[in-house]
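Okay, so here's just one chain, in structure tokens, the form predicted alone.
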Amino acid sequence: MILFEVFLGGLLLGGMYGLIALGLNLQYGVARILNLSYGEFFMGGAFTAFFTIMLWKLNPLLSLFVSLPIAFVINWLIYQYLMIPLVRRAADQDALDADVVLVTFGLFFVFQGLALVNWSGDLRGYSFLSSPVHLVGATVAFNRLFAFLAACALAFALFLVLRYTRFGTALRAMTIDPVAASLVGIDVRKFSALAFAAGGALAAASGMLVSTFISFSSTIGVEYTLKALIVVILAGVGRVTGTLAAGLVLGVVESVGGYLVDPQLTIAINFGLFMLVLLLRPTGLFTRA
């Protein structure tokens, strides 16, 4: 029974990882921008929810009506005015990746610095939907279950959009070959900007949902950027629909590995799995030939 509880905890943890990584896979897989400041929008969503419940005494879910459009607009502006010039001048994708890493790394410090100045580096947290839920003999907090169900719903919604809409078809074509996509009339710049902005909005949404059961501070963004990047590589760059499954794999491996070996080694287990996939399956666990 204890091992089952550990496995269930790993599933819920993996759902959180998948939720956080959905937006990054949109940005990296579709827009082909590795955004190292991605976690700062996760942090922004968490703080917006915190202030919504602690200062204004409102349901933190209402913060989504503020954090999502703001994150969407900021990421759209970043793509239009910082990424587009880099795309135009880059000789190839390798040169673009190098420039993007440097610029978004700088953005990470800018956003984190602004957060530290305004919100300090203190740990924050709040209680919301923390009542216990009993599942097959195991007990979990409802806020964790709620975040897991939200991750499943978002992943399913993205799957429907990508599979059954013209917008999704355009994004999938760009993921495979942006040059060929432009030759058949797809406005690559427009759709890349929308995908990048939507990824930032998803980061803010995941920050709100995850903030219901974790403590966070102004410096938490980098940790979750790395977690999201591991999940993206496990799923395969551009495999948005496989992101949740990859998150579940990471969460279960981390939880069970920590229980069987040592909880202090969870980071080592994460990156051990990461290196193993890079060596044996560098295109990701859920990619097809």
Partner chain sequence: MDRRTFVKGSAAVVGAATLPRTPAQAQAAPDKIRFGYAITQSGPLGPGADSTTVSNYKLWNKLVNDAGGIMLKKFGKKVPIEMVAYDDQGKPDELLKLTERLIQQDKVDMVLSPYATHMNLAQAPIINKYEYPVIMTTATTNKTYELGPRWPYAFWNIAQPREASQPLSKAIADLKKQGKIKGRVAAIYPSVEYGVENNEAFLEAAKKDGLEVVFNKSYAFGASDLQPLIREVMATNPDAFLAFSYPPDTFMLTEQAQILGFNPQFMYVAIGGVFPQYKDKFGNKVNGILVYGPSDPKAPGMDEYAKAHRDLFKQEYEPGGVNVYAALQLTQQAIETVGEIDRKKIRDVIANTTFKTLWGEIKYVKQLNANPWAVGQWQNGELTVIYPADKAGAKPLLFPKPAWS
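We call the rigid core whatever largest set of C-alpha positions still superposes within 1.5 Å between the two forms. Numbering follows the first chain given and starts at 1. As the structure is a computational prediction, the values presented were derived from the model and not from experiment.
Beyond the structure shown, there is the form predicted together with its partner chain, which is absent from this document and is the topic of what follows.
- Can you pick the stretch from 117 to 125, 159 to 167, 180 to 188, 199 to 207 whose heavy atoms fall within 4.5 Å of its partner chain in the predicted bound form? Heavy atoms within 4.5 Å of its partner chain in the predicted bound form occur in 117 to 125.
- Task: Although its partner chain is absent from this view, report whether residue 212 comes within 4.5 Å of it in the predicted bound form, heavy atoms only.
- Result: Because a heavy atom of residue 212 falls inside 4.5 Å of its partner chain in the predicted bound form, the answer is yes.
- Contact flag, residue 263 vs its partner chain in the predicted bound form, heavy atom cut 4.5 Å: Judged by the heavy-atom cut-off of 4.5 Å, residue 263 is in contact with its partner chain in the predicted bound form.
- Query: Looking in the predicted bound form, any heavy atom of residue 173 within 4.5 Å of its partner chain?
  - Reply: Because no heavy atom of residue 173 falls inside 4.5 Å of its partner chain in the predicted bound form, the answer is no.
- Task: Flag residue 22 as yes or no: does it have a non-hydrogen atom within 4.5 angstroms of any non-hydrogen atom of its partner chain in the predicted bound form?
- Result: Contact with its partner chain, no.
- Task: Go through 74, 154, 194, 141 and name the one with a heavy atom inside 4.5 Å of its partner chain in the predicted bound form.
- Result: The residue in contact is 141.
- Item | Residues in 5 to 20 with any heavy atom within 4.5 Å of its partner chain in the predicted bound form | If the 4.5 Å heavy-atom criterion is applied to its partner chain in the predicted bound form, 5 to 20 yields 5, 6, 9, 13, 16, 17.
- Once you line up the core, how about residue 58: does its CA shift reach 2 Å between the shown form and the other one? Moves: no, less than 2 Å.
- Query: On a core-based superposition, does residue 11 travel 2 Å or more at its Cα between the shown form and the other one?
  - Reply: Comparing forms between the shown form and the other one, the residue 11 CA shifts below 2 Å.
- Kindly check if the Cα atom of residue 263 is displaced 2 angstroms or more between the shown form and the other one relative to the superposed rigid core. Moves: yes, 2 Å or greater.
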